[in-house]
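First comes one chain, alone, set out as structure tokens in the form predicted on its own.
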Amino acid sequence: MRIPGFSVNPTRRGELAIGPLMVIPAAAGLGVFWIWPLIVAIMNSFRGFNPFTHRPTGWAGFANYQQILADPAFQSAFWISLVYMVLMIVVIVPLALVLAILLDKRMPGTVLARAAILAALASSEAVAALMWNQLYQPSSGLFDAIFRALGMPTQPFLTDGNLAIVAIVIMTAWKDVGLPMLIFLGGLQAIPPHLFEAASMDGANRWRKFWRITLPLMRPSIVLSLFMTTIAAARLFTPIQILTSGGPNGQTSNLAYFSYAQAFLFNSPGQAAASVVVMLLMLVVITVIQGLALRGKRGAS
């Protein structure tokens, strides 16, 4: 319906027609490589499979879910996934914020430090895991050499369950801290300098300026880093595969590794798909809770 006195510029009309067409390639890629595999995984979680041919044998209902929920290995992987998430958030997010604050200052060596952190981010997970595997070795590793030099006993970094989880988290933090650090760095440089100058004139000290100015204005960066670290922790696989293969006795196996083992080691594609769906639901619930909690804090402030 044409509104009297209102006309669309012909150039603008052409842009409105071409705009949706330009979105189609991205939407098609998203549908083929993200939405369709997700639909297939959900469908497979309700199917039975031949363990030798991996072909569907029919509708299995919730049998796959019942089997994995009754499996102690799945229950252990579920809780270990939560442990990885908590530890990675506790280690990576504050570390990235501290590094961003330090690197935001113009000090000698800042450029070199930025390059070193980004080099770790650019390296592949497999290469990083292989390198840290050498560092953790009990006879030839760097860390045990330091312990021996200090007169301390050798530590079973990769053969003790609790130590192995910490070892994997430390290696992942070294590898992945660069991206949240860049997010924090961008957030810090977006804060108007006159806010700090006004606070200084009011007599605010460094801690008060951080608590009252930096931290509130960094909330969008913190939320984004929190979400990304949570997702990275849920998808943690390569370091587990290379450093411990889920051991010892499954004490480092999370849901991602459990799904891999069900699909490729135990020939149970249906249970693997069911565990993937459970992992996805867990991730959605956690990110929604994080979003609501941070939103509540924003409303309170």
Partner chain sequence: MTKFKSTLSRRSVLAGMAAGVSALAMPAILPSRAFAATPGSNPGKYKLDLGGYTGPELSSAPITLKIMRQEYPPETNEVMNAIYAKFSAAYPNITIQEERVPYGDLPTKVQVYVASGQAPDIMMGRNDFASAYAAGQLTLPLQQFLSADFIADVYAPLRESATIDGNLVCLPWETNPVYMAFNRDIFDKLGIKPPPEVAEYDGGWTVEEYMQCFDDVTKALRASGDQQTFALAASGYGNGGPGSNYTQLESIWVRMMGDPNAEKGSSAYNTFMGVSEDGFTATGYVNTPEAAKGMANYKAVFTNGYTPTGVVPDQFRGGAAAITFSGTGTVKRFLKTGQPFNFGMSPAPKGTIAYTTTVADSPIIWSGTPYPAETAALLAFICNDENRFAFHDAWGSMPVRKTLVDALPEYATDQRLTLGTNVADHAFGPPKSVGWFDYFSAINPAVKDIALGADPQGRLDQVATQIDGLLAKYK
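Quick caveat, the model's predicted, so the values are computed rather than measured. Numbering follows the first chain given and starts at 1.
Keep in mind that the form predicted in complex with its partner chain is missing from the display, and what follows is about it.
Residues within 4.5 angstroms of its partner chain in the predicted complex, judged by any non-hydrogen atom, belong to 48-56 and to none of the other stretches in 231-239, 48-56, 25-33, 272-280. Not displayed here, its partner chain is approached by Ser268 to within 4.5 Å at the level of heavy atoms in the predicted complex.
Put simply, Ala263 is close to its partner chain in the predicted complex: some heavy atom of it is within 4.5 Å.
Pro138 belongs to the set of residues with a heavy atom inside 4.5 Å of its partner chain in the predicted complex.
The shortest heavy atom separation between Gln66 and its partner chain in the predicted complex exceeds 4.5 Å.
Checked against its partner chain in the predicted complex, the residues Thr154, Gln75, Thr159, Ser123 give one hit for a heavy atom within 4.5 Å, which is Thr159.
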